[in-house]
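Only one chain comes next, encoded as structure tokens, the form predicted alone.
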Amino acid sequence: MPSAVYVHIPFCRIRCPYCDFDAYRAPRRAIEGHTEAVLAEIASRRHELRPITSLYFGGGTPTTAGAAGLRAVMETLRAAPGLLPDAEVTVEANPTPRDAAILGELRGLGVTRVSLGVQSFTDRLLPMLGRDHSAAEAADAVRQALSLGLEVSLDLMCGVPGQTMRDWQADLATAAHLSPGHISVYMLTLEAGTRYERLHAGGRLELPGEDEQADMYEAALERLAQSGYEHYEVSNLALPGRQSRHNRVYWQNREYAGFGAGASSCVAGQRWTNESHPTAYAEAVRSGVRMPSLLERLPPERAMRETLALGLRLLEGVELTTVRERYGAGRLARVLPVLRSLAVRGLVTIADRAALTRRGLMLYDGVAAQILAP
């Protein structure tokens, strides 16, 4: 039974051109209807849960549900199965004056952490990224959250159209100066069906090359290390003791329960994703018939391979004894030749743990693909 809960709020005021998440623009009544469906889904599935150690509101933009909507969800979860006193409660938000205005309310609800989608502190790049905030407003939102005693994680993106290394270095310097506890560094990827993907396919969007993106990524690791940030996962750095507890659940391939349109769950060897469209999701909840858009039961060997691939995202790596105890020595033995081959190529190290090398870190997607291959 999972003790980690994810709640998906699938609404955004603005659709970012690089985003392929389940997110929609909708009137207030539709957002309120979705919240009611989430409450009903939680009530119908509360038997699946243990007392909650981490609760994460993602999206979309969860703040579109308003403080009242988030409060209703938290109160329902507090009633059963309960939020542990030291639970990590995270809400994603935009660093806009509108979202900053409710940070105090969120803190009062028991939210402990806010994840701010800053992406850049360079004003001329923000419109290209579809962001409706300025660099100054983003910095103000970070400062306000910190002043309220919230843990802050901020997202930065490199490899965006028109971005130079000088822009990126300035973004890193601003982020380090603000000193949030956690910083996520993402390289822009062209996801199928996004506006960026269509523009690039039509030759109307020029991006920094792969070598330049790699240089930006390396620059981030180097600059943030100078400010005391520890690189603990492929895309994430944190000050000591400030890692994301919730995201470690995914990287360690542990159980989690997801609620809301498009939310995924992994419970008792089954993984499923709710209907992604809010209307279809709400109808499914009202009918009392779970209609996932994706449902699969993971064979033990597939689960083991995923545990290895996901665990390698953490720089500490994967403890092989734990994998052996969890899935059996025979299954681990079948994947060890792949790990040894990767080690010979200088991409991983193998001892008590399997872990990425610095070179393997830069080539993680290829490493994961080889481990996952049947």
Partner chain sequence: MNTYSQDHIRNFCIIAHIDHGKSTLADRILEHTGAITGRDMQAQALDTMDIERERGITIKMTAVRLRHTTPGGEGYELNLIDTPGHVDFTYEVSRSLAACEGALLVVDAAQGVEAQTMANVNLAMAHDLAIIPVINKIDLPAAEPERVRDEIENVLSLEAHEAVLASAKQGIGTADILDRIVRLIPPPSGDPLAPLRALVFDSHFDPYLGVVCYVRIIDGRMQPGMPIRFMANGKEFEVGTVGVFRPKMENSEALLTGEVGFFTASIKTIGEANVGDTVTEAERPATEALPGYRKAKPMVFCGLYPIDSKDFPDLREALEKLQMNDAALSFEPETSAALGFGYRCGFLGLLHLEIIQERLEREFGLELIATSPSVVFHVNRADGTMIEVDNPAHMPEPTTILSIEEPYVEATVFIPSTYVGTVMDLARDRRGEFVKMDHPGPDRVVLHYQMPLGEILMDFFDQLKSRTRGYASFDYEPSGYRESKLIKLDILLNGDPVDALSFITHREKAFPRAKALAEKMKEVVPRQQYEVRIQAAIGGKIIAAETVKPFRKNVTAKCYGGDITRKRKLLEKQKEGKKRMKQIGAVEIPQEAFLSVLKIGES
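Residue numbers count along the first chain shown, from 1. Note that this is a predicted model, so its numbers are computed, not measured.
The form predicted in complex with the partner chain is left out here; the points below concern that form.
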Query raised in the report: Out of Asn236, Thr90, Thr122, Thr96, which one falls within 4.5 Å of the partner chain in the predicted complex, going by heavy atoms?
Result: Asn236
Query raised in the report: What is the one choice in Ala280, Met187, Ala72, Ala176 with a heavy atom within 4.5 Å of the partner chain in the predicted complex?
Result: Met187
Query raised in the report: Residues in which of 101-109, 139-147, 122-130, 204-212 have heavy atoms within 4.5 Å of the partner chain in the predicted complex?
Result: 204-212
Requested in this report: Flag Met1 as yes or no: does it have a non-hydrogen atom within 4.5 angstroms of any non-hydrogen atom of the partner chain in the predicted complex?
Outcome: no
**Report entry** Contact flag, Ala268 vs the partner chain in the predicted complex, heavy atom cut 4.5 Å
**Finding:** no
Requested in this report: Give a yes or no for Ala23: in the predicted complex, does one of its heavy atoms lie within 4.5 Å of a heavy atom belonging to the partner chain?
Outcome: no
Query raised in the report: Is the gap between Leu347 and the partner chain in the predicted complex 4.5 Å or less for some heavy atom pair?
Result: yes
Requested in this report: Would you check whether the partner chain, in the predicted complex, lies within 4.5 angstroms of a non-hydrogen atom from each of Glu151, Glu301 and Glu316?
Outcome: no
Query raised in the report: What residues, if any, in 246-278 have a non-hydrogen atom within 4.5 angstroms of the partner chain in the predicted complex?
Result: Asn247, Tyr250, Trp251, Tyr256, Ser264, Arg271
